[in-house]
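One chain comes next, on its own, written as structure tokens: the form predicted alone.
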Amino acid sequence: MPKITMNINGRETSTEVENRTLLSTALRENLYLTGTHIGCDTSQCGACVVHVNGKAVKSCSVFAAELDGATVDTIEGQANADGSLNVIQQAFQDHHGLQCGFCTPGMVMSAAELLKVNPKPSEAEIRDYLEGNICRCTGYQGIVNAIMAASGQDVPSIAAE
């Protein structure tokens, strides 16, 4: 099996993987980074989104062996240095952007990339950007509100909140 080395959440990490091992599997089973969830294994749900070399990627659609030398950021690396929630994670908590939590890691990672490329997205832009992420619990409004809050924008008042 090939040995690969990646910079994961700021730390150089090596592991052996079969050529057919998906990044999501390598993260969870080889490196015990279980925050990256596997919801569909077909690149449909977005629960497995991580950042590879600064871009959001569905980790169930990439072979780990192809990423030797890559930089990978996962949900485990998103907290602040002191361990507190980062602004996006805190906004998800404050604005009810999660319920069961299964989709949350992928949503947070997607939101981080969105806010990097578009620091003040509109509600429509947020919804469009999250099209590849499925949530079966929240109805999305809390997620949209969380991302708007994380971007520093006013969150619309919603009767359900």
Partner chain sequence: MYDFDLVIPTSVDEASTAMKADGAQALGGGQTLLPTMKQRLAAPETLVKLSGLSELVGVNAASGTLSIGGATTHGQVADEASAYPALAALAGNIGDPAVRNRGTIGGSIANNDPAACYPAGVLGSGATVVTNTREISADDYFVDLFETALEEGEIVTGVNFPIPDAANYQKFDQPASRFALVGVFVAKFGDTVRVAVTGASNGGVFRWSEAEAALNANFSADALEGLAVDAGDLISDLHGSAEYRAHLVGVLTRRAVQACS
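Numbering follows the first chain given and starts at 1. On a predicted model such as this, the values are computed, not experimentally measured, just so you know.
The following text describes the form predicted together with its partner chain, which does not appear among the structures shown.
None of 33, 135, 65, 112 but one reaches within 4.5 angstroms of its partner chain in the predicted bound form through a heavy atom, and that residue is 65. Scanning 94, 41, 123, 29 against its partner chain in the predicted bound form with a 4.5 Å heavy atom cut-off leaves one residue, 41.
Taking non-hydrogen atoms only, residue 116 never approaches its partner chain to within 4.5 angstroms in the predicted bound form. Proximity of residue 61 to its partner chain in the predicted bound form: non-hydrogen atoms within 4.5 Å are present. The closest non-hydrogen atom of residue 56 lies within 4.5 Å of its partner chain in the predicted bound form. Put simply, residue 14 is far from its partner chain in the predicted bound form: not one heavy atom of it is within 4.5 Å. Interface residues of 5-37, taken as those with a heavy atom within 4.5 Å of its partner chain in the predicted bound form (partner not displayed): 18, 19, 20, 22, in sequence order.
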